[in-house]
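There is one chain below, alone, in structure tokens, taken in the form predicted alone.
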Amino acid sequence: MDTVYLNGNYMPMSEARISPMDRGFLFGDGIYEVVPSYDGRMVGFVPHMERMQQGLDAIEVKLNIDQAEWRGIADELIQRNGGGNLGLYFHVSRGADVRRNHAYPEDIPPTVYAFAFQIPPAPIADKAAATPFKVSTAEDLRWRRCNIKSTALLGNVMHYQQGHAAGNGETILYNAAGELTEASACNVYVIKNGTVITPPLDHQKLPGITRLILLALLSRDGSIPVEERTVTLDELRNADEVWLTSSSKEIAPVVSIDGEPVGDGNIGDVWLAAQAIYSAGKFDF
């Protein structure tokens, strides 16, 4: 996992250098994506790159790299880093200016960085092989543009740390009205009476690519009902099953919330069916 891409060049990670005046370093002024790849087959590459472009447009960073060029960078990193199961990290900051100033500078080239890292094999529909998650809950105190996948992740990091410090693997967040938003690094679902329920997208939530793929596959399959609607904290605590989704976790079953069991405290049958559907169709996107 030694070769990285930086501003048009491939090099050992130890040789990559970025200016301390880079706005990504000074302000978290940038956008990123993480794409899983299994033996060279990427999951959701196109929607990941579309979301990256939407983020760059939202923060007004102009970058002349199209999807074909991004795919070439991804393929080259996979090849140079030995293939297998890899996560591909893509990062674009506004670039390095000669002074620190909050206003967007003009006419500086963005910094483009990408690298590969090892990930576990793709999850499978097997309760015995799945990783059950225990989570904490907390009021969502992040900024109000969580739909932008910004590199400025301090709010997410602090919320994740809350769960980690309590011995849990994630923190599920809710707003001042007691409505679920998302987790610190995942989208959230509650399952009640066989129906999968997840909050609708808005500025409080990242439009997750695994979420996009999962909902599309469940809709196409038709065997599991899905609702996108407001979900309350009480519904979370009384759910039969709770899931998290992210590119690294796929569909992660939650078995405990704030020390209390979800349902009977075991991985549920709806998760098993949904993971089978996801595993069978995820490379279609």
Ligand code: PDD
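Nothing here was measured: the structure is a model prediction, and the numbers come from that model. All residue numbers refer to positions in the sequence shown, first residue = 1.
Although not depicted, the form predicted together with N-(5'-phosphopyridoxyl)-D-alanine (PDD) is the subject of the following passage.
S.K.: Name the stretch: of 161-169, 75-83, 208-216, 103-111, exactly one has residues whose heavy atoms fall within 4.5 Å of N-(5'-phosphopyridoxyl)-D-alanine (PDD) in the predicted bound form.
M.R.: Every other range fails; the passing one is 208-216.
S.K.: May I ask you to state whether N156 is within 4.5 Å of N-(5'-phosphopyridoxyl)-D-alanine (PDD) in the predicted bound form, using heavy atom distances?
M.R.: Heavy-atom contact with N-(5'-phosphopyridoxyl)-D-alanine (PDD) at 4.5 Å: present for N156.
S.K.: Determine whether any heavy atom of S136 comes within 4.5 Å of a heavy atom of N-(5'-phosphopyridoxyl)-D-alanine (PDD) in the predicted bound form, and answer yes or no.
M.R.: Contact with N-(5'-phosphopyridoxyl)-D-alanine (PDD), no.
S.K.: Does any heavy atom of H91 come within 4.5 Å of a heavy atom of N-(5'-phosphopyridoxyl)-D-alanine (PDD) in the predicted bound form?
M.R.: Although N-(5'-phosphopyridoxyl)-D-alanine (PDD) is absent here, H91 would stay clear of it in the predicted bound form, with no heavy atoms inside 4.5 Å.
S.K.: With the partner left out of view, is V190 within 4.5 angstroms of N-(5'-phosphopyridoxyl)-D-alanine (PDD) in the predicted bound form by any non-hydrogen atom?
M.R.: No - in the predicted bound form, heavy atoms of V190 and N-(5'-phosphopyridoxyl)-D-alanine (PDD) never come within 4.5 Å of each other.
S.K.: Pull the contact list for 223-252: residues with a heavy atom within 4.5 Å of N-(5'-phosphopyridoxyl)-D-alanine (PDD) in the predicted bound form, in sequence order.
M.R.: Residues within 4.5 Å: T245, S246, S247.
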